[in-house]
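Presented below, as structure tokens, is a lone chain in the form predicted alone.
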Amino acid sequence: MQVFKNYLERFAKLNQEEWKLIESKVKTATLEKGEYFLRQGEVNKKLGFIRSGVCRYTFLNEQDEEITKYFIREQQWLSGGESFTQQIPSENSIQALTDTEIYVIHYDRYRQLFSEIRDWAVLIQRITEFSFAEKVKNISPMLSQDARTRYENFLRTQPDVVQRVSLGHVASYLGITQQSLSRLRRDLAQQA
């Protein structure tokens, strides 16, 4: 759990007693490749933190095709957003793309920490703001870029992901067909 503790301490200093409280509420779990952490329509009852592995956050488009919104990897959170915080059905799904080891805390235990740890609310707010800024930094530029630029930026900002997930998932994330992605990869390889 040292990786998890180090991550939390980037946002707030925890004393031994506070860390023991957190440790008592967090469990380790494994998601097998293809397994869902959360499915659309479910209420998310747990918060996850990835120790190792890659997951994807998805939604269904008008044609009921599952589209990759973004990738979630080591030292990032699996939450389902409002589904977890407001305990409402999720509009999205979270699926493991590799065998994934996670730290999990159940919603009720997470809520207990607000009364048990003085600065828990501040810690969660800082983590939420940081996580949101990271997602915006990765997603926002894609709205105005052509496919080639999106792919080149993806290779630059998430090189570890491209090596561990299928081209189909990368193409879905980039908003292009797998055939277009193959063509882009071939063109870039010829120019190298």
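The first residue of the sequence shown is number 1, and the count goes up from there. Since the structure is predicted, the reported quantities are computational estimates derived from the model, not experimental observations.
The same protein also exists as the form predicted in complex with the DNA; that form is not shown, yet it is the one meant from here on.
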Quiz item: Even though the DNA is not shown here, does Ile176 get within 4.5 Å of it in the predicted bound form, heavy atoms only?
Solution: yes
Self-check item: in the predicted bound form, Ser166 touching the DNA (heavy atom, 4.5 Å)
Solution: yes
Self-check item: Lys25 within 4.5 Å of the DNA in the predicted bound form, heavy atoms
Solution: no
Practice problem: Considering only heavy atoms, tell me if Lys33 and the DNA come within 4.5 Å of each other in the predicted bound form. | Solution: yes
Quiz item: Based on heavy atom distances of at most 4.5 Å to the DNA in the predicted bound form, which listed stretch, 66-74, 145-153, 49-57, 124-132, is the contact stretch?
Solution: 145-153
